[in-house]
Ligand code: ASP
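First, one chain by itself in structure tokens, the form predicted alone.
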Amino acid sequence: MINKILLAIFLLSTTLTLRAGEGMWLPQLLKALNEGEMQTMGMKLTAEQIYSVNQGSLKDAIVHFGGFCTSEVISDQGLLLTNHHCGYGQIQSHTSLENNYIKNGFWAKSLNEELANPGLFARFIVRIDDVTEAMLAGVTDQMSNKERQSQIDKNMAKLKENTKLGKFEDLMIRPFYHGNQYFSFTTVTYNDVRLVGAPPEMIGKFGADTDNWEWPRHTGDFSLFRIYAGPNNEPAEYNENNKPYNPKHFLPISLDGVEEGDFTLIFGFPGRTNQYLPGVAVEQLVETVNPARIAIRDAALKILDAEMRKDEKVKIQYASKFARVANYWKKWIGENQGLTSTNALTKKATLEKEFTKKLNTNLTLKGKYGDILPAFQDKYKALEPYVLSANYYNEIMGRNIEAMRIVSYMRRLVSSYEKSGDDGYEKYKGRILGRMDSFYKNYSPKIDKQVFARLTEMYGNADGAKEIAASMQNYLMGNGIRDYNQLADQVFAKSMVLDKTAVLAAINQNPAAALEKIKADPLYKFAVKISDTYQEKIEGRYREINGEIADLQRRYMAGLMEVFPDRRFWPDANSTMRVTYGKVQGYQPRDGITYNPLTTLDGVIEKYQPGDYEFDVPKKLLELNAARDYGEYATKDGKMPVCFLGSNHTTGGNSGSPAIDANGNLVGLNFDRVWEGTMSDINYDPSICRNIMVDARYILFIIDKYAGAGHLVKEMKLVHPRTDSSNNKSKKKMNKPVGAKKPQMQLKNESTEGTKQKVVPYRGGGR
């Protein structure tokens, strides 16, 4: 069977060279694939200490935070560390003009002050297993893509039914290598996660959008949460009687920090990469897809930025939304530039030429894979008008015009009634009622109207997306509307969607009356018209071609691994647990420019612009810096470290991932990549691909000296791993198992894989 061949090829190739820092590796395979290489780079741990099923290991401190970020446990009381931008939605939800936690920060002084966050969860991975044989049982090469997927779906249902799980455990199954291999993830999820602390945005978002994806960086991008558990340390819904979670493992924090060349390990849940795309796909991305998406978001962001600068209330309402829209706008710009500057298309062409040459020397392989590259050319050419239309539709109708979210709720209400009558209507209405408050709390019809007018104009003039552009123009002409400003005036003046009271009054009527009101709404009618056109002319064919491309990509991945048995291939990221490793390392983005890998608080002061919403600095931080009052968190030369660079391969989803040193200690918090290297999702290049991390010492300094929240530092374990490390060759467990007594904060020596670590008692600081 193909999966056994591929696995054998993969294992045989592990001794071969791979570019340092490249790859997102499954932790349970580290011993077979990566342990030796990691140790030659300086790692002092064993693979068993990173991933173990039978005892506490690093994996037991790594948390999938809400399903969209990573976080890590940093105390035996379930304290979680993640990025400020990962916790931003929760921080914003607790913010008001009276209690502006975005502007001023938030620090719970006791457990009783920690704030609940309905819907936020913390998910742990219990174990990972190869289930390829069970998932591909009965699957043959002669099956169509639809038949293949149907068989896999049946196999998955059978596997889940027959798998014995413990109390509170769930099973998640994901494809790897584009469907050539499958792994299952046994998980446990905790649903009571509370906000503990967050710095003000002048620290947590310092540099904001100007510095996003940039180096040098000076952002204290962190926040603190806590996992709470019910009886017996088990998952439970929110209850005031819940207790802080007692973890299997938590990460000690190094006070020695990092130096250039130090080994770094990033552990987390990277979202999506596409490292094995054919050249024609990358070309379409660079020349067609990204330029369209960039232009749309650029137009929306200009409107939001202008309004946020005028009004503090609007700034609070739109801060999180602006950051969310701007994040990928800037990423796509950097991605295009990086793909161009690193000659990604030339590299793809060289690989494909070599692939074809190998096939031509082996008739068996040519018979299996010889049709793939020509087929890619045909399929991507057929896809182009549909992918452009789909991106216009999704960006404009699905993401950037906010009122469309309420319209989508209304469409589901109508659909639920038409399918299931009054019961279906009431059931779905119950689901959306709770979402109304959060939406309208942060909604400005005035701003949305401006965005609507500008983006629908772009939609109507979309070059290359003719079907969609024509439908927009036909709508205008059919309704006697001369331009898109008039369209915005007309639909926004009469739509109930803009007002929560009006929406609730409408949907709380009996279903028949509610549907009549909904269907008469001008914004609803407009959205239905455009959506129907998209579904009729675009969506079906777009999905069909994408399905054909996905099947080709699966075969291409298998072909690459079989044709090049002397190369090592790592599986693309798919939001599952991965390990990446590299070193603290600077880079040279352009001729004549070299970036050092470390920044300090001096750089914050250099960027300081009083009153500027991106580069203002809190008064107390200025005072602490002027007095050089850094406590025990400064470097030997008296500097306050802020951020550092690594060559670790990261992507979205790695936000909040711990940066772990050679001994298993936390040294930083991953939060970004450099702009020139954002193309690492598609073409990792060791010369410019760098991840950006907050130094753990800066995090401690802000918590302790700036916020006066020393009680939080006191529950952490602070260590000096460099102390006498060369004199101790013993091996001990890194942390206590569940149920062990809380370690006393006293000076003693503990070791992890041959390294003596001086455990530092908390000495206080604060105000």
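One rule holds for the numbers: they count along the sequence shown, beginning at 1. Every value quoted in this text rests on a predicted model; they were computed, and no experiment measured them.
One more form of this protein exists, namely the form predicted together with this ligand; it is left out here, but the text below deals with it.
This chain appears without its partner; in the predicted complex, the one residue of Pro511, Gly652, Gly424, Gly179 with a heavy atom within 4.5 Å of this ligand is Gly652.
Of the residues Glu201, Asp695, Asp672, Glu676, just one reaches this ligand in the predicted complex with a heavy atom at 4.5 Å or closer; this is Asp672. Among residues of the shown chain, His249 is not one whose heavy atoms approach this ligand to within 4.5 Å in the predicted complex. A residue is said to contact a partner when one of its heavy atoms sits within 4.5 Å of a partner heavy atom; Trp213 meets this definition for this ligand in the predicted complex.
Within 4.5 Å of some heavy atom of this ligand in the predicted complex lies at least one heavy atom of His85.
Screening 644-652, 182-190, 492-500, 538-546 for residues having heavy atoms within 4.5 Å of this ligand in the predicted complex returns a single hit, 644-652.
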